[in-house]
Ligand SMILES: Cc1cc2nc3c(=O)[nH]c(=O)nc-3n(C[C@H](O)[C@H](O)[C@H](O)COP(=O)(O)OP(=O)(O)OC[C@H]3O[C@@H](n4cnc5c(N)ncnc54)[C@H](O)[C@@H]3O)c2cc1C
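Next up: a single chain in structure tokens, the form predicted alone.
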Amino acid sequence: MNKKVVEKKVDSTQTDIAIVGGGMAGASLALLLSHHCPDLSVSLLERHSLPDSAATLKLPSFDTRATAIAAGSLQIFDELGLWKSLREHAAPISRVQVSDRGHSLGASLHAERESAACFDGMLGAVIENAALGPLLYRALENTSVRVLAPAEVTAVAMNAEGAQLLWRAGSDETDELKTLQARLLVVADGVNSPLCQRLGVATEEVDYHQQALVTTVGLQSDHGGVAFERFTDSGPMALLPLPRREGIHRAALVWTCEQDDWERLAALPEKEFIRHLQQTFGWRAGRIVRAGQVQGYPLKLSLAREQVRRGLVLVGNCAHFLHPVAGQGFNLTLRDCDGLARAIGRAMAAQAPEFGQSGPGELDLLETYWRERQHDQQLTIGFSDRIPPLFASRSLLLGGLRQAGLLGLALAPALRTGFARQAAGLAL
């Protein structure tokens, strides 16, 4: 990765597209733009330093959490030529089992039965972020994308040509400041985005007053590629299959907890933690025998009030930060990134009027992209916001409704397939 690391002597002053934020959203978008718009210059600015080798890459976005990649997202990665590398580090999802604690009724999605919602015979795959990050950056090395890192953006000014960024190669205030003029600025620096605050982009937030407890657990028996979504009084729990490591059957746990419960559970010794987990989750995945380091992440819904302006697009968690139920956050982001790259590529190829003097930053082009993405975003965001309280409610009426919904999924093939295709990102 030496050729991608910016040194102080490098002074890049012009680019067609500048992406600020080199996490999963920014790196994926850079790859998609390189694929669909090869004639455009793309610069990816990441505030943290990068190592000499992608294999040792450690950024905050590429932490110990795992990501469930839906079938539609696997198709996108396959088009980029990444699936062969991804599958070496991923566990396939062959079945999704949904259950409601305290009720015997549940629903299952099977890859063999829901073939219309599958990619390569699977409903999706699970990969640890620490493995996904190096794969994305290794792929970037084979593109013309300029990776500027460390690159701390200190100021941004929108102008007639797009956006001008002021940045320095590091966080030391004595470092030389550089300018970068971009026809299109893409903000991908995460939830509570500092750059969005500088640009005056307002957000709407719903605080769920909960924590996502995240860890890796060891299972006594093979998970068989089954992903579990378990709804409890406090919120949903997900147990996602992971590849075996050193002979241990592993799964990624996401456990929605109230704040007090999270603090209590995180402080428990491993054996006590496993006992509480087994009692709450049940025995559907067999005996849980190990638990790794527990981490917590505050849960909220955060939506930007505007995702596009002339010369500006927001993608990833700064555009929409979702509840982790059903693992839709990154998959929605990847579909957004794919849609943006395709919209720009189409306008370029057709020499459309909206690809005018400002090129990828033209407002008409960006509004076309936004209109194409609205329906998917509304469905996915609405689902992630409404499902947890529905299943957490103790109301008899709502309990009956959710049981009717699970019964419908269990008995109605058309309903089940439609649900599976939407969750897989293939219903559009």
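Numbering starts at 1 and runs along the sequence shown. Everything numeric here is computed off the predicted structure, so don't read it as measured data.
This next part talks about the form predicted in complex with this ligand, which is not shown.
Using a 4.5 angstroms threshold between heavy atoms, Pro236 stays clear of this ligand in the predicted complex. Interface membership of Ala71, defined by any non-hydrogen atom within 4.5 Å of this ligand in the predicted complex, is ruled out.
Looking at Tyr297, you'd find a heavy atom of it within 4.5 angstroms of this ligand in the predicted complex.
At a distance threshold of 4.5 angstroms between non-hydrogen atoms, Pro241 is out of contact with this ligand in the predicted complex. Comparing 303 to 311, 212 to 220, 178 to 186, 82 to 90 against this ligand in the predicted complex, the single stretch with non-hydrogen atoms within 4.5 angstroms of it is 212 to 220. Of the listed positions (Leu29, Val42, Ala66, Leu365), a single one reaches within 4.5 angstroms of this ligand by any non-hydrogen atom in the predicted complex, namely Ala66.
Checked against this ligand in the predicted complex, the candidates Phe119, Trp262, Phe228, Phe330 yield a single residue with a heavy atom inside 4.5 Å, and that residue is Phe330. Looking at 123 to 153, the residues that come within 4.5 Å of this ligand in the predicted complex, counting any heavy atom, are Ala151, Glu152, Val153.
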